[in-house]
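Here we start with a single chain on its own, the form predicted on its own, put down as structure tokens.
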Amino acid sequence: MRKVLLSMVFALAGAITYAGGYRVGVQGQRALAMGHTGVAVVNSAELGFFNPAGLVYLENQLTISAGVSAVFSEVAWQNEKTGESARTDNPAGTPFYFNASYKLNENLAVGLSVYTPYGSTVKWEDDWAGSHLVNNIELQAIYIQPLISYKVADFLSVGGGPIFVTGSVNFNRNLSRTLTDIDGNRANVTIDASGVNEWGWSASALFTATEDFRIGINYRSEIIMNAEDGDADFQNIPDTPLAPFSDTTFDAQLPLPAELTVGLSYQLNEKWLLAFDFNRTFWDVYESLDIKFANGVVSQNARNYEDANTWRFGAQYEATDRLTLRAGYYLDESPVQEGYFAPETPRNDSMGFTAGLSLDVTSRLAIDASFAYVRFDEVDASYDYYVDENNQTVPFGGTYKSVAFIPGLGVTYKF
């Protein structure tokens, strides 16, 4: 029976690992409208996330940027051999951001940023074909970061600051492909942990080569979220010694990988600004994930994720004195290697098409809007590391189609 419990725990660990790797790139309406470029663009307090070194170059003493997006996503799965199919019914995700910058003098600025770079909400139909891997999951991480920006010279500034992260996870799946109680209800487990807090840091630089040409670099450290004494709730367990499950607690680690972004911006003329960012996310931190239940069972799982790159392109056009238009595109690689494609966050290579605008309501207040359409490549993929109650490896695969729409709205205030 210990093998049965271990096999179920192993499958659970795989689900958590993949969910922890979900990155949400919506940390500013102006930047998102330009393909989520921003490491070398000086146009708002969104720099607090993209490149704190640039805050000292903002024209006004106080600049605030805040906003929220609505992520509408859907995933369809089908196994052509069995004819089975399923579709997610995900609630809208609402990642948000708040950035504030205050110039103390011409060479020094301070700021505060709050943003949500990691999160996942996926809801499949209960008891669907892949319910032994996941029924639903909700993951959230909120970053809170005080900032400093210092101008070393007219052509060079540096910035950064410590990062405080608070996170939570709630995950449910069935214990096996067949186990039920006497009434036929599928046995399942929900793990829940909240108030998970850790620290990280970021550092950045902005080089102004000419009046029209800037180069930026920003590094955000990896953060390992340590969930301790989380709740594990077992439901619909049959009354048999073959299924000795009872509520308990667990410890686990969820890694949030480091990121390095380099980019440039070029003011083509009075109307046009062009931008490019290259981002590398160090997903290889997912070498393994360990989960320890209070009953002494420890699960160690090799993941072997690989680093992934994103290429981003953006343009900004000042249509009138009050209206600025933006558009962008990006190509985002998946960090998931063959054989590890699980339905918790079924992410494969994707392309993002973005657009947006800013409208100056007054000389101090502007409304920022963006829209992103994310098209994921259709993929035939499988998760090959599920071990059933007979200690047999049972792959789960099929064809996945995914799409996401992300409208967003924000404001920029300067004084």
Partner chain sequence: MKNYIKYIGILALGMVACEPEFDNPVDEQDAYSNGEADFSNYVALGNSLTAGYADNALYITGQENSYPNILAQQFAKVQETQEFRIPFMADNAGGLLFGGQPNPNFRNRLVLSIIDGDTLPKVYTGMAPTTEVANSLSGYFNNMGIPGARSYHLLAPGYGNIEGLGADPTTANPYFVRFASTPGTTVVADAVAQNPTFFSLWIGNNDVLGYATSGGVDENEITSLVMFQGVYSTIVNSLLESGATGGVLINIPNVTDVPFFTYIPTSPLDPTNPQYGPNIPTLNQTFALLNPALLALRGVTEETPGESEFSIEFNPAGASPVIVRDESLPDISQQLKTVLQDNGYDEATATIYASQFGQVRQATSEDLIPLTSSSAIGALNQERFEELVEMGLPQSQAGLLATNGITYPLEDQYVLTPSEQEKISARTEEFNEHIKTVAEQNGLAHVDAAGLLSKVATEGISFDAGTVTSDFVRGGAFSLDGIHLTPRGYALVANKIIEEINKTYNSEVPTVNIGNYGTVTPNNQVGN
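Because the structure is a prediction, the values reported are computed rather than measured. Numbering follows the first chain given and starts at 1.
Although not depicted, the form predicted in complex with its partner chain is the subject of the following passage.
Using a 4.5 Å cutoff between non-hydrogen atoms, residue 85 counts as a contact of its partner chain in the predicted bound form. Interface membership of residue 72, defined by any non-hydrogen atom within 4.5 Å of its partner chain in the predicted bound form, is confirmed. Its partner chain in the predicted bound form comes within 4.5 Å of no heavy atom belonging to residue 338. Contact check for residue 57: no non-hydrogen atom falls within 4.5 Å of its partner chain in the predicted bound form.
In plain terms, the part of the chain that comes close to its partner chain in the predicted bound form, with a heavy atom within 4.5 Å, is 321 to 329 out of 321 to 329, 142 to 150, 209 to 217, 96 to 104. Residue in contact with its partner chain in the predicted bound form (any heavy atom within 4.5 Å), chosen from 224, 76, 274, 297: 76. For the three marked residues, 161, 280 and 348, no heavy atom of any sits within 4.5 Å of its partner chain in the predicted bound form. For the partner-free chain shown, 388, 392, 393, 394, 395, 399, 400, 401, 402, 403, 405, 407 of 382 to 412 come within 4.5 angstroms of its partner chain in the predicted bound form, judged by any non-hydrogen atom.
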